[in-house]
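A single chain, nothing else alongside it, follows as structure tokens in the form predicted alone.
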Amino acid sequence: MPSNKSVSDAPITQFVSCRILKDHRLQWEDLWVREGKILNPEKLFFDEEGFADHKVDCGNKIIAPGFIDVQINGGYGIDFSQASGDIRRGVAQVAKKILEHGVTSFCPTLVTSPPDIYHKVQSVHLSLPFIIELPNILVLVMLLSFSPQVIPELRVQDGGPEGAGILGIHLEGPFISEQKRGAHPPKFLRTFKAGGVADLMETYGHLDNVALVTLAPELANSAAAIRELSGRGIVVSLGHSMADLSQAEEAVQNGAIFITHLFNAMLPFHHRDPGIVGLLTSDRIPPGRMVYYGMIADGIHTHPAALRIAHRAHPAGLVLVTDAVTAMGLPPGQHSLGQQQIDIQGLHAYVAGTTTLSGSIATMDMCVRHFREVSGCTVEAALEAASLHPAQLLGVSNRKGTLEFGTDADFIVLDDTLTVRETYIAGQQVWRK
């Protein structure tokens, strides 16, 4: 409760009987929240002489930072790469549903798509009689100019009761390897023909609200694009690539700091040239720079032994991602992913008519539990791989991914099986099991 010395009249909530994840370990401490931020109780007691207005008994459960998913293509029937009449509504629907899986922030991910999905084609305003007289091809061009685009509609925004917050867009493609394209449609792949930067702008239109771009570093002229993106504060990730280790190291020296779904859609590890995987133990990483890597810990994309190898080689860089597709939360059957059709068979998502994996239908809490089980890591390590590490990757760990004083009060309450029981954003309960 505020006192005469309080810096704010806002109510204070105290979470008691809980183990909070702080300083890389679970500690029996209370968590204090005011105005959407984690509060320092010592300053509250001694400087402000205040105390709690409300107490929440957590029943000895775990409080951890909210999960952050930096690679999610959609879910619940929504495909972020498919422009619709109301793109924001579709993204909001997914943002709302993933609250129950502990995700408080995410990066909507767009796979390789035609140019008109990325940005607006110049509109042409003509009268109806004139349009009727035009050849079909010209009518098609004009219709494309009025089709909805995705990038302009997705903006960074805070989360709340309406859903998880958006930390920026993840553009996965189209500057990737044809040999390692996976589920990406080959006809829309691009190379850096104009020197890198010009290609980025021609393809994406603009880079506002973009947080992360996945590209193949072996493509000619990619170095200029990597430097331009990283110089703008956009995370450059290496993926869907045939790059060898020296090419990957050069990309990191130019600013790349992430690997998209390690082991998947890249050259396999070889003892004479480990490829992109070799970045986990490379001695050519610039001083002070950390390389992070995404892992789809769904029990399908990565063998448990491979997951353990990666984690034990570089535990601080592991970032759990779902790579979830449209069918997450839906029954088996055929669904879309960008310009492709995918078949859901059990827990597997395949490009229709093939055995090529196409994203995942796993949720983030499932990935955390599976990672904990098969890696043998600590509970703390499993939770931080879905919270602290992605926040560090995106450069937002000063406000997300931790329970440090002054950070955003985005957190989850879990039981000892790591099942999410409650989700909070800015100190407000937004979902409860």
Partner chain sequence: MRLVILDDYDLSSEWAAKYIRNRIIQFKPSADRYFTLGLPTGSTPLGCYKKLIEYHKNGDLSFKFVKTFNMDEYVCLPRDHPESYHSYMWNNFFKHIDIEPQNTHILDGNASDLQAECEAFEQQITAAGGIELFVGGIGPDGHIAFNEPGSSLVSRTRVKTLAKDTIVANARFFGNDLSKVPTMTLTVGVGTVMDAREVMILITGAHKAFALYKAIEEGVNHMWTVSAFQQHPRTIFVCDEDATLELRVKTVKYFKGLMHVHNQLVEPMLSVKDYMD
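Computed from a predicted structure; not experimentally measured. Numbering follows the first chain given and starts at 1.
One more form of this protein should be noted, the form predicted together with the partner chain, which is absent from this view; the next part is about it.
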**Request:** Answer yes if any heavy atom of D47 is within 4.5 Å of a heavy atom of the partner chain in the model of the complex; otherwise answer no.
**Result:** yes
**Prompt:** Any chance D53 has a heavy atom within 4.5 Å of the partner chain in the model of the complex?
**Reply:** no
**Message:** Would you classify R399 as touching the partner chain in the model of the complex, given a 4.5 Å non-hydrogen atom cut-off?
**Reply:** no
**Item:** P41 within 4.5 Å of the partner chain in the model of the complex, heavy atoms
**Value:** yes
**Message:** Just to confirm, with a 4.5 Å cut-off on non-hydrogen atoms, which of E404, E373, E29, D57 contacts the partner chain in the model of the complex?
**Reply:** E29
